[in-house]
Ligand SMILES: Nc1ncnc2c1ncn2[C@@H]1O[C@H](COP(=O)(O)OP(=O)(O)O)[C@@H](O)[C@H]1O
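Below sits a lone chain in structure tokens, taken as the form predicted on its own.
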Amino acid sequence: MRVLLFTGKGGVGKTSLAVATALGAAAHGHRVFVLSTDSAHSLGDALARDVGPTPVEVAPRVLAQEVAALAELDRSWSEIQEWLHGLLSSDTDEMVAEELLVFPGLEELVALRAVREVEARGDIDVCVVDCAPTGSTLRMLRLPDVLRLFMENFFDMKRRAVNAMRPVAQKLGAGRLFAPDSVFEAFERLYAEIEDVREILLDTGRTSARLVVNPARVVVDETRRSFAYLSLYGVATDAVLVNRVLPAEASTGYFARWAEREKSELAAIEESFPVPRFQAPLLAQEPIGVEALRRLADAVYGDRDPAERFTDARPIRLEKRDGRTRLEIDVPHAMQDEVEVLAHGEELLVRVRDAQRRISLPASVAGRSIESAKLDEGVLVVTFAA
């Protein structure tokens, strides 16, 4: 089953393009399931009909569902949360305690379990996921690595220590400070489920992220960071969808200066994202309903199948090797003397001949000096100092 993850800065039209993609894929004969894992669901708003936690057919060969993220979280987290809640002061407000005891990214990650359930149906070809805005999506991507580090290095040791200390603690009246076995078992189940979701996210053979961006400076800057983080966490981005592009007739008159600024941002998008880019025009009215969203899909993809993998390549790759962070960038046909690399705060500027690429760096790398930048058979390898 093909999985497409749509994310972008809030307000860029992510949901509309996710649903349009689902409808476009169905028009090419695919059986499609579109899921919303964004806690601020808007599938129903885009389709102008009710969509809820139960799958509903919204068009021929298209099912839609808004995942009840809190219910999914409660199913996995309630036992752990109940114990943690007991550790908090009795003065803590009940609602405040519940909010404090949800790890950032956990709600979105648990909601993605719905992708496994869609696959288990056996009758779906493409699952389109309307993810939370990029900030939440990136927190979600960090969480599996944090949990794996804890499970591999501390979990068993912590469990043995708790089992040894619990009898003593109970005699001293401090037993509530030590989690019972049921909490450890619940944590193990949660970790196993999150690992299953992680395998789906990192399966580049079937899963692709699609970034939705508007031609506006703040949006472009955030989307560059998102592209870098997706690369860092191993999620393949196969396309960038540029939404709400001004029509050609807007280049004169009142919108002339706006169009000129947009032209500059479109150039920045071209140099920032070395993957296929598709444009959606700024429409006279918001695309709401199945027919309007089908027309939007036609405007974006033309005759191409939206479920297609638009690139198999991962043109930007971040990895750790020998204690150093390496950034690999595909620059085919370039020569060493044609390449210039400059670190500038949170960005890396890469010039190849007359072309320039701006790459936002993750926080763990930003600010570090460049140890080396070498070409190796068409791949620029930038190594950062430890």
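Not measured: the values here are computed from a predicted model. A residue's number is simply how far along the shown sequence it sits, counting from 1.
There is also a form predicted in complex with this ligand; it is not shown, and the following applies to it.
Screening 250, 283, 202, 313 for any heavy atom within 4.5 Å of this ligand in the predicted complex leaves a single hit, 283.
In the predicted complex, this ligand lies within 4.5 Å of some heavy atom of residue 287.
Heavy atoms of residue 10 reach within 4.5 Å of this ligand in the predicted complex, making it an interface residue. Using a 4.5 Å cutoff between non-hydrogen atoms, residue 225 does not count as a contact of this ligand in the predicted complex.
This ligand is not shown here, but in the predicted complex it comes within 4.5 Å of a heavy atom of residue 244. The partner is not drawn, yet in the predicted complex one stretch among 115-123, 303-311, 184-192, 274-282 has residues with heavy atoms inside 4.5 Å of this ligand: 274-282. Of all the residues from 253-276, none has a non-hydrogen atom no more than 4.5 Å from this ligand in the predicted complex.
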